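Just one chain follows, in the form predicted on its own, and it is written as structure tokens.
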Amino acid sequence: MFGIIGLGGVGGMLLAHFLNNAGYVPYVVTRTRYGRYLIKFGGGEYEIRVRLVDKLPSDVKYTLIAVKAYDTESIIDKVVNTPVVFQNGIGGVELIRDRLGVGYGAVITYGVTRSEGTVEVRGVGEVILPSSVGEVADTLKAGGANVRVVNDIEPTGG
């Protein structure tokens, strides 16, 4: 079971699309709601199916965090179980780990534009995830994402 916090272009709507393709309809907590969500991808247009909620159910196994880094503080109390952070900016993963004791970073390089409830994929990239959240990687891959799993996603000094 998957939950998403934030339903922007790259993080939320693209992730929800891949989850839909893998057979999941994620729970989503988002600030702005639209009547319908669409994605234009690979020459087609697809409806994104989500369950909009104010609070994620406790049986959500992974919370995919797709808010801007500066919004992390405001959503910490909405995270359920294992957080995986897909966000622009710095410091979000560290804040999540500091407050919740666990958190995994992710990198997503797809090029996406959004206008209200519609996103358009303009550049196919990849999703890079640590091996510690292999179930998330496997699910996104099953949904059509280009996924690469690495042992350590953290940058190294030098």
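Numbering starts at 1 and runs along the sequence shown. The model shown is predicted, which means the values in this text are computed figures rather than measured ones.
Missing here is the form predicted in complex with a small molecule; even so, the following discussion is about that form.
S.K.: Please determine whether residue 74 contacts the small molecule in the predicted complex, using a 4.5 Å cut-off between heavy atoms.
M.R.: Close contact exists here: in the predicted complex, residue 74 approaches the small molecule to within 4.5 Å, heavy atoms only.
S.K.: Whether residue 10 contacts the small molecule in the predicted complex should be assessed with a 4.5 Å heavy atom distance threshold; does it?
M.R.: Residue 10: contacts the small molecule in the predicted complex.
S.K.: How about residue 32 - does it come within 4.5 Å of the small molecule in the predicted complex, if we only consider non-hydrogen atoms?
M.R.: Contact with the small molecule, yes.
S.K.: May I ask you to check whether residue 127 falls inside a 4.5 Å heavy atom distance of the small molecule in the predicted complex?
M.R.: No - in the predicted complex, heavy atoms of residue 127 and the small molecule never come within 4.5 Å of each other.
S.K.: Pick from 129-137, 39-47, 102-110, 56-64: which stretch has a heavy atom within 4.5 Å of the small molecule in the predicted complex?
M.R.: Single hit among the candidates: 102-110.
S.K.: Establish, in the predicted complex, whether 69, 78 and 87 all lie within 4.5 Å of the small molecule, using non-hydrogen atoms for the distance.
M.R.: Every residue of the candidate spot has a heavy atom within 4.5 Å of the small molecule in the predicted complex.
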